[in-house]
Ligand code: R5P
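Quick setup: one chain, the form predicted on its own, written in structure tokens, and binding and motion questions come after.
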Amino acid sequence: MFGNGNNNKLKIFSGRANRSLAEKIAVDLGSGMGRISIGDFPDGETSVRIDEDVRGRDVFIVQSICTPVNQNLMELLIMLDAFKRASPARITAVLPYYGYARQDRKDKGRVPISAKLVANLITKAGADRVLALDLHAAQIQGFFDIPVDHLYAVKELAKHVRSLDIVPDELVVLSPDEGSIKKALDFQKNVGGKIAMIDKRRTSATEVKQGHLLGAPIEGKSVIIYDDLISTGGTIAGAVRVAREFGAKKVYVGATHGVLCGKWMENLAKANIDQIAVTDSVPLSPEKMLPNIKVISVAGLFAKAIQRIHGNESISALFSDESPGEKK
């Protein structure tokens, strides 16, 4: 708990996307939740009313842009506009999960860069600052024309892996594809063991072939497949299959964001996974809580970051080692 006399100016508010995480953050800060009424008009429009004075306050709005993505994004924008018109000293949009992050480039003709559009909307709506967790690409920070503090959940997930008491010589961190190798290397620095990567080749617009294994041998080893998010689970399921084919003794999966959409249940339930660890950046409904899913809270990490932002202190001091692409 970080409560101190300076926190009387700090206020945590939450949208409806991930209120449970916001409440945990507020408890860690020793600060009560700000009072806000959010509802829907009969025609589906979002209704927002701030139920307390925020003039001159340091306001933090917690909202994951997760399913239903467009509704949660619009709710965030309307909240930002409401606060902007209520004269706080500063508004920070706290985004445990940044939706549209994977639409961060033009990979074919005549398509939008939606991650940049969302950044523009958040800025225009009234955010003075953004606090995000494990953006799909660190370069998304550059889409914002306001300061962005980028947090990583690697240490929280690494702490959980260490609690599994895996012998270091038997541990291999496995990247599911070449695009995730930097994240896997950073994770391996925190948990130890060796590193390996699956060579994933796209054979058509809808088919991906996973087969070759590069790096450390995994036969008889405990393998941890690490990525920033699990969406449909297709990539993870394919990586698990390859790990088992190459003789892995145990297979664990670690990811920051448990988006879990589309055919995720079909893909992950069939995969022979000993445990799947995700954070609470995206709330999991009861039907998504498979017996082998473990949820790791990032409330403490956000609380420390918010406390530092509020006190005008360095965020990078939270990380003893620099994460890939992160400069201090």
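Counting begins at 1, following the sequence as shown. Remember, predicted model here, so these are calculated numbers, not experimental data.
If you look for the form predicted together with the named molecule, you will not find it shown, but the lines that follow are about it.
Hey, of 107-115, 244-252, 225-233, 85-93, which bit sits against the named molecule in the predicted bound form at 4.5 Å between non-hydrogen atoms?
-> Only one stretch passes the 4.5 Å heavy-atom test: 225-233.
Scan Asp149, Asp177, Asp186, Glu75 and let me know which has any heavy atom within 4.5 Å of the named molecule in the predicted bound form.
-> None of the other options qualify; the answer is Asp177.
Tell me, out of Lys124, Arg102, Arg162, Lys182, which residue has a non-hydrogen atom within 4.5 angstroms of the named molecule in the predicted bound form.
-> Looking at the other structure, the residue within range turns out to be Arg102.
Is Arg129 a contact residue for the named molecule in the predicted bound form, using a 4.5 Å heavy atom cut-off?
-> Taking the distances in the predicted bound form, the answer for Arg129 is no, it never comes within 4.5 Å of the named molecule.
Does Lys194 make contact with the named molecule in the predicted bound form, using a 4.5 Å heavy atom cut-off?
-> Contact with the named molecule, no.
The named molecule contact at Lys155 in the predicted bound form, heavy atom, 4.5 Å = No, no contact at 4.5 Å.
Within 4.5 Å of the named molecule in the predicted bound form, which residues of 134-148 have a heavy atom? Give them in sequence order, or say none.
-> The one in contact is His136.
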